[in-house]
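Take a look at this single chain, the form predicted on its own, given in structure tokens.
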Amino acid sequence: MVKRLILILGDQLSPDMSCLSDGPEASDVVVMAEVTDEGTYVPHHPQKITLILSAMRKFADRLRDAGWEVAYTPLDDPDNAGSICGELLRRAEEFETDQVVLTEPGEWRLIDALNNLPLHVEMRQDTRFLASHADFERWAEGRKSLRMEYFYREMRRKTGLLMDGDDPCGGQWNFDQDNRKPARGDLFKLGPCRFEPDDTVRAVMDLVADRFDGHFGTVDGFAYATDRDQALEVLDHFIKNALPCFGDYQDAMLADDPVLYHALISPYLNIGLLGWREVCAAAETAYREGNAPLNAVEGFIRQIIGWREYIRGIYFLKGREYTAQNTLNHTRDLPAVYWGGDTDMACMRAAVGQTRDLAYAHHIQRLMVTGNFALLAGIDPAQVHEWYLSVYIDAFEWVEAPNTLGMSQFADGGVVASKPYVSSGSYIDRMSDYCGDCAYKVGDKTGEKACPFNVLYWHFLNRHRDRFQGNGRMGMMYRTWDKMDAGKRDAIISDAETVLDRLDRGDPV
């Protein structure tokens, strides 16, 4: 029997991967490798690298216990080829085979590199997702617009989640209108699960600190789950303690509480320690048993079988060129504040600071603080995309790119979002406690102390008027702008250009 190499990547840490479906045959060898290329093609956060390498080492042990032969290459192995393709070629020579079986990666970069190897590569479908590429293509075919809401309803019908027969529980598909409460600083919360690093994790932390010390962030304080048992503990903790309030406060932001009621399970879903079925089933059970309200459970399940599946569908449907899109022709360089540079903006300081410390920020901090500022300021979306891919522990290109380029930056021209997600400072003030301690005054619409979001918001609308004034969801904004006194409009534009000039000079804002 011909020996085959079975490649397992760092985000494929599930025993039910399609490439493992033939079982631990004696002639096959699982290949796993910690390689510099995967940690540096963008400067990934040290805690993200720590999570993946620690989880890989533990998963390799699990495979060995299940009877698999595993050829594992640590990062500091002197024979390490430095890349996934290089390691496959090295192992092919070692085991005298040209046969490789793998599950499709989540990035076009790796798909193309692996398909160009001088080996016989069998690339199997990733069956961990609810919607296959073919399923999504069938849904998208012939549609004028690809709105997530309609895809989500089909996924609800397909799975039966939160369905009462043919109808959605509660008589409606979406309870988002109930999920926009601002948080108070005195809310009682148990906080997320934290795990003391064991010997495996500590060894990886030391290695990452040595090899990736120039990357944004630090390994200090690493407390994420690194195996399936711990990931299940995180899920159970969320379902019991945070899910009941998740819906109400999922859009809220507090400077001293980066997690609030969020699940913090996206890293484990994205690397394979948890699966969508068990996560959604646990949430639905909490609703059916009266332990969590429908608005919370529906909002949570929508993020997984709706948004997560939809975003993956968009990434593969739109293909390799998706990440190069820049519909609004934004070209300004990413400001230093995104890498921890000085800023007088309390919201940016809070969002970037917790990103540096935790490799985490929740979806509203990403969309309406860091993403909103980049869009209003006209930052090059390719640079924004690279930043998000670099700094967040749950960021893999299939999920990060459409969220950033489509939802956040409108770089795809409206494939994902029906309008740009922009706001003035009033939204951030309403949904957070950031503005109270800010050097700027959120109530000032013009002048030296005016919140940069206030003046950049109108500047964005004004400079992109030809594109957006006909958008039905933006008409009121333009009517408000047109009713303003001409002198006030001029002052806003002048103040906004002062902010943009400071960004161009590299001065703090």
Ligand code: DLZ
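All residue numbers are counted from 1 along the displayed sequence. The structure displayed is predicted, hence computed values, not measured ones.
Another form exists, predicted in complex with the ligand; not displayed. Remarks below refer to it.
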property: 284, 227, 412, 107 - the one with a heavy atom within 4.5 Å of the ligand in the model of the complex; result: 107
property: Contacting member of 358, 374, 84, 254, with respect to the ligand in the model of the complex [4.5 Å, heavy atom]; result: 84
property: Location of the ligand contact in the model of the complex, chosen stretch of 41-49, 461-469, 475-483, 59-67 [non-hydrogen atom, 4.5 Å]; result: 41-49
property: The ligand contact in the model of the complex: residue 455, any heavy atom under 4.5 Å; result: no
property: Residue contact check: residue 222 to the ligand in the model of the complex, 4.5 Å heavy atom; result: no
property: Contact flag, residue 34 vs the ligand in the model of the complex, heavy atom cut 4.5 Å; result: yes
property: Residue 216: touches the ligand in the model of the complex, heavy atom cutoff 4.5 angstroms; result: no
